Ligand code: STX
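Shown here is one chain on its own, the form predicted on its own, set out as structure tokens.
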């Protein structure tokens, strides 16, 4: 009997693409910002390849080796960096001078450091938010956009995930998320968590960070809790992730008004763009991607039916790898 598994296929019967082989950085370093932050960055792939910058999620997440594998390392010159306060950037978990506009300046510093004129910008979840914001401020520097799990950082999206919405799908995980917050403070969970995550008491910070990070980890994949990334269980990662994410969210992403990103579509319309969205993404529900696609019909839109939020779900991997291959032709 032949026990080999058949190739994984999409719902259309087409064989799905998988990640490219792992590859190591060809250079790395810390980028000064002119302030308290030093931003860790890596260059990967082909030195003479097509340039791109890869933006991680969160905010407060960090880069990881899998992120390089969505791109053909023989044809792309990849830049990755840990955003302020997280990963190997220094100082860890710092909220000082940590805003969307500061991160956009860091992307520009990295572009100049690498002597790149224009590049493809790739980002998922919060990375899609930052990619759109960067493209709105510097459209002349963006050759193409590849977005996954679109997050417009609106109050509607924040209420869904942190107040009233996703809790109805994950009531067991929601109980754990509520646990650090007294009943009388639960009408504003973002505010209640922000007070604890900025507390001078490390024990208070740590308990809040663990609960905040576990909530996202528990909801990230349709494969269940066993698919939760192990980094969410690491206290240093959880503290930076929770503090920075909550800091951005209570400040509305530091945008001028709610819905600011969607209002920038006219500045972006000329940029070749791929949008990959999962039907069953609970963290960044499809509504935001659909609103972006409706406002921007020129963008290529692909809906993945059998995936959650995680970029490593097979259907998401397939769509993103095909998108990065297609963007080589831009």
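Treat the numbers as computed from the prediction; the structure is a model and nothing was measured. Positions refer to the first chain, counted from 1.
There is another form of this protein, the form predicted together with this ligand, and it is not shown here; the text below is about that form.
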item	value
Location of this ligand contact in the predicted complex, chosen stretch of 58-66, 293-301, 38-46, 260-268 [non-hydrogen atom, 4.5 Å]	58-66
Proximity of residue 53 to this ligand in the predicted complex, heavy atoms at 4.5 Å	no
Contact test in the predicted complex: residue 237 vs this ligand, heavy atoms, 4.5 Å	yes
4.5 angstroms heavy atom contact with this ligand in the predicted complex for residue 177	no
In the predicted complex, residue 220 touching this ligand (heavy atom, 4.5 Å)	yes
The single option of 193, 126, 71, 81 touching this ligand in the predicted complex, heavy atom within 4.5 Å	126
Full three-residue contact with this ligand in the predicted complex, heavy atom 4.5 Å, for 151, 249 and 309	yes
